[in-house]
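Quick setup: one chain, the form predicted alone, written in structure tokens, and binding and motion questions come after.
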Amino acid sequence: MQYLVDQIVSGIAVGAIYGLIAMGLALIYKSTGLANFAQGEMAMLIAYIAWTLAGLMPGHPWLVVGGALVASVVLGLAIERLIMRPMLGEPVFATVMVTIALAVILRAGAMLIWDPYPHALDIGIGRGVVMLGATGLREAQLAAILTLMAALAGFWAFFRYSRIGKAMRAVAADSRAAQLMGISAARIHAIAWTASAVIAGLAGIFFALLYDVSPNLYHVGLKSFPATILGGLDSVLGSGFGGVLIGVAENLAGGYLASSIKEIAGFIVIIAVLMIRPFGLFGERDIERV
């Protein structure tokens, strides 16, 4: 029984990282109608920046994390302003291809600036063990779970009560009508890309603390796509919950079946769910009138 509990709790922890990245994916899709295939690479780049800052400022974990998050804000704004904004009005396929090209450039750039080898991210915190009953969790695992919970609560309040959140929902529902009402779609897109980069950066830092920093960290973005689809591409909160479900499913598959099954467990889950609910567990049904 304890083994089952350990697998579930560990799955929730890694699922929290998937969920954060999935929320960023859903946020961009909800605001722009695009799937960002560079989300994992954004998390990887911020993790590398955190690793560099840790080497420059040893013993100052909050400065390292704060500096990395400032870098994520700059990254999100730069991508939106320099790359994505000129693509407004272009065919969706062309814009999606731009995000794929961006992913390749970020991955290659990381290897050119740093190197292709794994490195441990040590900022002085995050590696200690916290006991929850008979189950042990690393501090970074617990922090990832708490961060996901805070992000879920924050985005719920943001979309429900803030003017910008309501404007973002309006742009997502009908961009042209929202602009006629005086809402700046470009401003909303900039906010979405920035917020997405920040939560991707947090996920990248948590992953690096638990494992390591390397160009292969972008794989966590690929693992998060099933979470976004499972929760619903247009549901930011649902994507967060979807990440937890995928993480638990992977851990249970790896613990009770085989490690090879763990790698595909998330995709098996979304196939099963999408056959019943093609719009995801929490997504809205898209009704077209002809």
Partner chain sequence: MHFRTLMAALLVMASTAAMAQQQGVTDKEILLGEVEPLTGPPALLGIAYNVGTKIAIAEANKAGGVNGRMLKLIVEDDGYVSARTLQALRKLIEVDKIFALTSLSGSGASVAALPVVEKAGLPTMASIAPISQLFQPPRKNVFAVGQTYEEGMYQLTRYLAMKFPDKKWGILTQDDDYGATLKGGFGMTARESKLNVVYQADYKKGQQDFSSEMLKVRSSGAEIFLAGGVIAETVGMVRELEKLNAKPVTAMFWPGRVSATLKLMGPAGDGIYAVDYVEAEDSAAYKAFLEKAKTLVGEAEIKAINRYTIASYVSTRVLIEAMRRCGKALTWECTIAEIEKTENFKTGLMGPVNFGKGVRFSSQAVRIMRADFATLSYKPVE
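Positions refer to the first chain, counted from 1. Predicted model only: the values in this text are computed from it and were never measured.
This next part talks about the form predicted together with the partner chain, which is not shown.
- Contact annotation: L209 falls within 4.5 Å of the partner chain in the model of the complex, judged by heavy atom distances.
- Contact check for H189: every heavy atom lies farther than 4.5 Å from the partner chain in the model of the complex.
- At a distance threshold of 4.5 angstroms between non-hydrogen atoms, R127 is in contact with the partner chain in the model of the complex.
- In the model of the complex, the partner chain stays beyond 4.5 Å of every heavy atom belonging to K166.
- Stretch-level contact check against the partner chain in the model of the complex with heavy atoms at 4.5 Å: of 69-77, 152-160, 129-137, 198-206, the positive one is 129-137.
- For the three marked residues, Q141, N216 and V220, a heavy atom of each sits within 4.5 Å of the partner chain in the model of the complex.
- Scanning 1-37 for heavy atoms within 4.5 Å of the partner chain in the model of the complex gives Y3, D6, Q7, S10, V14 in sequence order.
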